[in-house]
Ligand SMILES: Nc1ncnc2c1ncn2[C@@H]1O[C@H](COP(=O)(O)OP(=O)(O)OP(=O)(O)O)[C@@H](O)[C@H]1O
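This document starts with one chain, in the form predicted on its own, laid out as structure tokens.
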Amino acid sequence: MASVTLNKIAKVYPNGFKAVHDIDFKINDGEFVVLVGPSGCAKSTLLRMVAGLESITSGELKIGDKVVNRAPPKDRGAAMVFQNYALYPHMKVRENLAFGLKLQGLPKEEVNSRVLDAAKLLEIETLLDRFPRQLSGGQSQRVAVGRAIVKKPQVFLFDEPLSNLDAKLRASMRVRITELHQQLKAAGLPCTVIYVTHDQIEAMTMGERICVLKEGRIQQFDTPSMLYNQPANTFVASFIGSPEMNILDAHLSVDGNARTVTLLGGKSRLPESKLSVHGTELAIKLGLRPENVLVNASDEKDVLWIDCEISHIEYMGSEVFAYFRVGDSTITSRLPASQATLVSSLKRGDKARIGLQLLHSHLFDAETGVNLNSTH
């Protein structure tokens, strides 16, 4: 078990392109941390730098108390699970699991013991005599994880390991990997995990903390709850959450202790909890999660009511997503299935009335995108 510390880590390619910009964070012993962001945000590059598969231009990388900037991958105490599993097609599962241990020169008895222990933990004992071509995607993924486990590394590195699986299998395997991390802790073998994904649902359900990246820079490094409820900026607010947060152009006016927000042709006083914003007249972005947009409901306190028209409705089984047009803006509402009758009779172009629950709103600077009420 070991912590992983990145101190002003940067990556500049020979053509001058800077892919990673002075990354600073520490992953604690035994912690499960997810790196998430859109394609091209450098999350996989950062993971490969930790693994030793990509050189570090500047900064210091420590695994435990050891600086490993120039250490070869085999000496870093890390094991990596790749997106394509990278199993040897000519070797059976048993040989795939044992191959790295044999290269280390471990005794045959210990190799066999580690292989059997990993196979039992991952419930793949019956697959040991099969070739990779005889495995399903989920089975191949478990073998790839097993190949990492047998090395007993200090750090596990996962590079989008579920991206090749179908939706149902992805859901079950993310539960399995999370359970595996907990099982290793319970067995006295806690391991530090760095997991890369572009899927924010994977990030939110698996990570104890999540590092949100954009263009090689950290946008926010926090718990799933904090990312969802207190996003540092508009990028995090729109990236985390499905459907994404509604972010609307608005204007904030200050008169003494009163703060009035104007948007979409409506005007309302902000709740007292939003009064930490300073200034007299300010262009802002107002963010609101879809579950905080009411539809054709009765009047409530701290709600700004807006007339609009229906654009589209999606029935998801347990919930309903309703999309409304107000001028050039689209607003999404997320309703539980029990409230489906509120929109069941609505069709595209029908008039509707939505309520924005300002008590749950987020105020962002219109220019920088920074959360004006954030503590970050």
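Residue indices: 1-based, along the sequence shown. Small disclaimer: the values here were computed from a predicted structure and weren't measured.
From this point on, the text means the form predicted in complex with this ligand, which you will not see here.
Inset, instruction - Answer with one of 38, 59, 30, 64: the residue that has a non-hydrogen atom within 4.5 Å of this ligand in the model of the complex. - result: When this ligand is considered in the model of the complex, the option within 4.5 Å is 38.
Legend entry - All of 296, 303 and 352 with a heavy atom within 4.5 Å of this ligand in the model of the complex: So, no: the whole triplet misses this ligand.
Legend entry - Partner-facing stretch of 340-348, 44-52, 64-72, 315-323, counted where any non-hydrogen atom is within 4.5 angstroms of this ligand in the model of the complex: Residues of 44-52 come within 4.5 Å of the partner.
Legend entry - Touches this ligand in the model of the complex: residue 359 (any heavy atom, 4.5 Å): Residue 359 lies outside the contact set for this ligand.
Legend entry - is_contact(residue 244, this ligand) in the model of the complex, heavy atom dist at most 4.5 Å: No.
Legend entry - this ligand contact in the model of the complex: residue 366, any heavy atom under 4.5 Å: No, no contact at 4.5 Å.
Inset, instruction - May I ask you to check whether residue 160 falls inside a 4.5 Å heavy atom distance of this ligand in the model of the complex? - result: Yes.
Inset, instruction - Enumerate the residues of 12-35 that have a non-hydrogen atom within 4.5 Å of this ligand in the model of the complex, in sequence order, or give none. - result: Contacts from 12-35: 13, 15, 17, 19.
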